[in-house]
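The form predicted alone is given below as one chain in structure tokens.
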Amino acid sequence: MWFKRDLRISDNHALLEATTAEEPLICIYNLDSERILRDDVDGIHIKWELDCLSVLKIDLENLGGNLIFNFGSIIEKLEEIHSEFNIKNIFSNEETGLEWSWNRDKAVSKWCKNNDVNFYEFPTNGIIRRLKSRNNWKYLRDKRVDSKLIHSPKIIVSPSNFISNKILDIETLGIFPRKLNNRPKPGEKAAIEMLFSFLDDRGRGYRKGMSSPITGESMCSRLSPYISTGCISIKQIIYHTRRKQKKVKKNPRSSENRGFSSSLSSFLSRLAWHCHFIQRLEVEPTLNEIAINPELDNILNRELDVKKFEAWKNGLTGWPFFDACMRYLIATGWINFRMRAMLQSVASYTLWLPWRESGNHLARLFLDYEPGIHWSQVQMQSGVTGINSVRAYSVKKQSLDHDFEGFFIRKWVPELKKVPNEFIHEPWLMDEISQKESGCIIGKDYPKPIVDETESRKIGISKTYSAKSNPLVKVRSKIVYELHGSRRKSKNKKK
């Protein structure tokens, strides 16, 4: 059994099939050496996976199983195991990743054919491999995620002479990740507990609270780090959410269920978007390198301004709410979806920075980095798809909407903690006396705005609309829609 991003016992089709095979089972997890050198990977990702893997190892041992941890090449490790145990079958779950992981999986498939080993891959979540048309996707996805959960194996039989090894400490690998505030507990059990805490109470205000970084901290599901490592499946989340929906419908006014109805509907719709965006990566595994609409990207021709880039990525733009969000993300490894969109939008439209560099930086900051969602969103919020609306977020509007009194700003940008409310969103408007009284000299204690936010954003929007009107871009946009555009209803539903 080859574990990748499916670090759980329950609802794991590949694991169940592997345990019901006649031969003894060896479980393996391989940390690819090339992965840790990638521009989109950070030490927080590796440490989170290893911590979740450590929990899985204990769960496997409780069933009689063992686990091999390998750092390096999966092919070389399979050769070593094959020479000693004569592998007959390899079981694994499908993974939708960037091109390097596709190449790795194809190499394993080729190795299996050359060594007369059966390679069984099982679909997971709502991603449809070898999809012929987006018109059919929603029907196939819903059928997949609404199917019965796979029950957990009761026992694992390991080879009599098999000894598992130790999972290497991350420092031993030469990786020293930054420490995160309020980092979630790792593992499958913790994922289930997080889901139930959301469905039992926290999710009550999800629909209204998810847009703000303040309320979103508790009202969002906070399941994304667990989904990214496969400690919980989308099927499991949908199953328990639908059960909660049924309870709410029976008695919507009870204290236990009040306020949940609209939030649960919104939550389920976002789970569908999760699969929708990763399906894009299934079709184009180079989303981190090549724009979905390359003609549009070439016309936009953004260039890296190092000064602007450094200010953006370190939360030193001079826009208090933006800087607070970026610093919060750096400290915690998480921020709500709307603020993620704002961070990327500001980079691409207001500062006109290239989406690959800004996208890689954000990927390294997110503990829950999911390539399919991340790079789809980076391209959408940068206006290089040609099929999505131009969404250029106003920092001031987001600041007034979600932090009117400036509590979030003062917490994460302490330079501004004594600035009065009337200037907290635009401290550069303070006169010299007000600056001295608040202990914040603009340009010294806190930077001046790196550009005129309103004017620069308008220029970015104008450039993007102009590029979208190009005839070659329009031709490509039609192709992009056929491949990646969302369909509210399946055209083949009746069929």
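Remember, it's a predicted structure, so these values are computed and weren't measured experimentally. So that there is no doubt, residue numbering starts at 1 and follows the sequence shown.
Keep in mind that the form predicted in complex with a small molecule is not shown, yet the notes after this line are about it.
Each of 206, 334 and 378 places at least one heavy atom within 4.5 Å of the small molecule in the predicted complex.
Partner contacts here mean any heavy atom within 4.5 Å of the small molecule in the predicted complex, and among 246 to 254, 179 to 187, 399 to 407, 220 to 228 they occur only in 220 to 228. In the predicted complex, none of the heavy atoms of residue 287 sits within 4.5 Å of a heavy atom of the small molecule. Taking the partner from elsewhere, residue 273 is found to have a heavy atom lying within 4.5 Å of the small molecule in the predicted complex. Among residues of the shown chain, residue 317 is not one whose heavy atoms approach the small molecule to within 4.5 Å in the predicted complex.
Looking at residue 368, you'd find a heavy atom of it within 4.5 angstroms of the small molecule in the predicted complex. In terms of contact with the small molecule in the predicted complex, the residue from 308, 340, 138, 104 that brings a heavy atom within 4.5 Å is 340. Checking 344, 279, 385, 233 for any heavy atom within 4.5 Å of the small molecule in the predicted complex turns up a single hit: 344.
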